[in-house]
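One chain is shown next in structure tokens, namely the form predicted on its own.
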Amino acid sequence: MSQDIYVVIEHLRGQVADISYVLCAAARQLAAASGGQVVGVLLGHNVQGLAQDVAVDRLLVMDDPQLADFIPDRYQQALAGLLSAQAPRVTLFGDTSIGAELAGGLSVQLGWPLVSYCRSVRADDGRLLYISQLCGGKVMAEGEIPAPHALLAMVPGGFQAEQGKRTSPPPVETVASAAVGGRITLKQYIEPESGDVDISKEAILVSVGRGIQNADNIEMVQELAAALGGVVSASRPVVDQGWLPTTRLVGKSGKRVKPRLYLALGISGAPEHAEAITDSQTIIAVNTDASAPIFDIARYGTTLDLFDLVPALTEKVRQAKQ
């Protein structure tokens, strides 16, 4: 039985997703305990040069025109053939729209257990352990990674992307693909219309969540953002209500951001939002719920009511600029 730790490298439109580096960092910790290697798995077409900085000991590349775009059933069949043949100890996926779909299908097809919403992993006296965040991060469940084989779908937070990078390219091995044509075909990739600010390039973001309560209160937040020299962004509940456009959405289905300052107002910090902000230099959380998972990734935080804090903070910032 192999003790290797496999990492499925997620990428889109020529860029490796940051969650892949987080997975590599976690894999290195598991491999140190299992005695195996960290092995990256990259599926696609003409992607040999894509993952040059992932911290893996070996990179297995499946190059196939049928894998040029992410088609769930094709990717699943290709991975199923590889994993069943190689039988790694643990295979890591990002708990993203891509990774979760693959991991769930493979768990059923291979009969291997799946640990979802995994935040961190560690070793203890030879055992490989995981911590998963449940109920939006309000409950942490710890357990032993099942043997002999298991799949893990990981969320950001437990490791930094920089920990999963290397300065020299890893050794690359080309492996045969078992992908077959399926019922799904990608016709078009649709991106949001431009015209608004690009929040992924902003240095300061003041982000609002469900705690803002209604659209009228966003003006208060806009005043704070203007005083700080930043822009307003939002979590999904605010955008779903139509209070801000989709171009301001931070999260798995919106933009991934990495500002110098990310001020989260009334945001709980669900995995799909946390995934998109972990590269921020400084995260400050304001939430009256002391157990909100946003505090797990914030450098600073307070349980003050944002309606008391924001006007006072805006005034202090204005005074400091005078």
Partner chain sequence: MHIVVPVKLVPDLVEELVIDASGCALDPDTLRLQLNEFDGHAIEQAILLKERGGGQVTVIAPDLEGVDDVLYTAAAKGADRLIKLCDHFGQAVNNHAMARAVAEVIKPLQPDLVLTGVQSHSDLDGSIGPLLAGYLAMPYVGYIAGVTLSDGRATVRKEYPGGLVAELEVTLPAVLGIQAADQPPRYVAFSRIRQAMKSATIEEQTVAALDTSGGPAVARMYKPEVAARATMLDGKPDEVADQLVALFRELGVL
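If you're wondering where the values come from, they're calculated on a predicted model, not measured in any experiment. Numbering follows the first chain given and starts at 1. The term rigid core refers to the maximal set of C-alpha atoms that superpose within 1.5 Å between the two forms.
What comes next is about the form predicted together with the partner chain, which does not appear here.
Figure note: of the listed segments 42 to 50, 57 to 65, 22 to 30, 291 to 299, the one touching the partner chain in the predicted bound form, with heavy atoms no more than 4.5 Å away, is 291 to 299. Taking 218, 228, 123, 172 one by one, only a single residue has any non-hydrogen atom within 4.5 Å of the partner chain in the predicted bound form, and it is 228. Scanning 178, 197, 204, 87 against the partner chain in the predicted bound form with a 4.5 Å heavy atom cut-off leaves one residue, 204. Proximity of residue 97 to the partner chain in the predicted bound form falls within the 4.5 Å heavy atom cutoff.
The partner chain in the predicted bound form comes within 4.5 Å of a heavy atom belonging to residue 113. Interface membership of residue 303, defined by any non-hydrogen atom within 4.5 Å of the partner chain in the predicted bound form, is confirmed. Shown alone here, residue 214 lies farther than 4.5 Å from the partner chain in the predicted bound form, counting heavy atoms only.
Contacts to the partner chain in the predicted bound form (heavy atom within 4.5 Å) from stretch 33 to 58: none. Core-superposed comparison between this form and the one not shown: the Cα of residue 206 travels 2 Å or more. With the core superposed, residue 287 shows a C-alpha displacement of at least 2 Å between this form and the one not shown.
Remark: with the core as the superposition reference, the CA shift of residue 38 between this form and the one not shown stays below 2 Å.
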